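First, one chain by itself: the form predicted alone, in structure tokens.
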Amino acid sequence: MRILIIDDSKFIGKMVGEMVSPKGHQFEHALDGKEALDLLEKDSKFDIILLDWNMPNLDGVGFLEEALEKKLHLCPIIMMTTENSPEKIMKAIGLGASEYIMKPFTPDILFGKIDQVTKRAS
């Protein structure tokens, strides 16, 4: 599985990468929504996107809005967030996010969500 991690924290990108690599998954890390959109316009062959909410330049919701506007064909998206407002979560889901997980999370929680969204997508 090929995973795109979009998070402005290099630490979070590395941590999540270390969670998915031992299971044989490949990953790329973008530091904000803008960098991720640029990457996806060149190469959209990802199986899952793990998207942070709060980032500089282009946040998670901005990424979802621009991806929708540009009609990028996206794979399932899991929001990784500290945001817990039902209104904000519903907004992200309305813009195309498949699921969300609250930071911090464990590998079990991450892979549980990945399993959920990949089963729904197939």
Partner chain sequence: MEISEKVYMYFADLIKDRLGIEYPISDRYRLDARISTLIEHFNVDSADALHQIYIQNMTTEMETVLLDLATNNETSFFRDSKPFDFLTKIYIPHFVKGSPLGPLKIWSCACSTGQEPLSTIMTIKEGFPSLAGGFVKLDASDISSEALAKAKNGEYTQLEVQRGIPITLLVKYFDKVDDKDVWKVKNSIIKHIRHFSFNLLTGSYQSGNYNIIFCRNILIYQNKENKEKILNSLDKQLHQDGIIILGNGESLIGLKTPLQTINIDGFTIIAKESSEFWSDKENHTKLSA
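Numbering follows the first chain given and starts at 1. From a predicted model like this one, the values you see are computed outputs, not experimental measurements.
There is another form of this protein, the form predicted in complex with its partner chain, and it is not shown here; the text below is about that form.
The three marked residues, I89, I93 and I101, each reach its partner chain in the predicted complex, with a heavy atom inside 4.5 Å. In plain terms, the part of the chain that comes close to its partner chain in the predicted complex, with a heavy atom within 4.5 Å, is 81-89 out of 40-48, 53-61, 81-89, 24-32. Proximity of D108 to its partner chain in the predicted complex falls within the 4.5 Å heavy atom cutoff. Proximity of T118 to its partner chain in the predicted complex: non-hydrogen atoms within 4.5 Å are absent; the residue sits far from the partner.
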